[in-house]
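Below sits a lone chain in structure tokens, taken as the form predicted alone.
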């Protein structure tokens, strides 16, 4: 399976979960020429190969029709920041949006077996933190927030916005995204108990 096929499968999977409402979210994978990224405004539930653009690491479109989303520049910044990143999957979910507003300094996780799905974690006993960075409409400013908080080996949340999962491969990134979303759903459910 090529990077393009894997990326399309990951996008369709995320969309089937309801994580891309109102054409939201953007998805990319590193390729030798730069990265493939979803074009702006495309319905992720009907994603096709021609909905992907080929961009260089400065975010300039090399191939494809349409324009990249504004957040494509953040994908480019992530690929420039860390040569180990091979994929970025960005979704908009209720749990990530709400909890990133409630815990702007990061979300501490402890005792969840699913923490072990995050690269480098081998026990549920460790406390790990899902970072939250401030939101900004200006992608240079948002990229500066991300650089200031780096490294974030599984990704991060943008306050009031959603999840940016990262991974060395599409498969690893997809695992990180699914694990983060599951863990956030658990935290959101637990927060209901404490009320």
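This is a predicted model, so every value here is computed, not measured. Residue numbers count along the first chain shown, from 1.
Unshown form predicted in complex with a further copy of the same chain; subsequent notes refer to it.
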query: Full three-residue contact with a further copy of the same chain in the model of the complex, heavy atom 4.5 Å, for 99, 102 and 190; finding: yes
query: Contact of residue 160 with a further copy of the same chain in the model of the complex (heavy atom, 4.5 Å); finding: yes
query: Contact of residue 93 with a further copy of the same chain in the model of the complex (heavy atom, 4.5 Å); finding: yes
query: Interface membership of residue 116, a further copy of the same chain in the model of the complex, 4.5 Å heavy atom rule; finding: yes
query: Contact label in the model of the complex: residue 110 to a further copy of the same chain, heavy atom within 4.5 Å; finding: yes
query: Per-stretch contact check against a further copy of the same chain in the model of the complex, the hit in 128-136, 48-56, 144-152, 31-39 (non-hydrogen atom, 4.5 angstroms); finding: 128-136
query: Residues of stretch 119-136 in contact with a further copy of the same chain in the model of the complex (4.5 Å, non-hydrogen atom); finding: 122, 123, 124, 135, 136
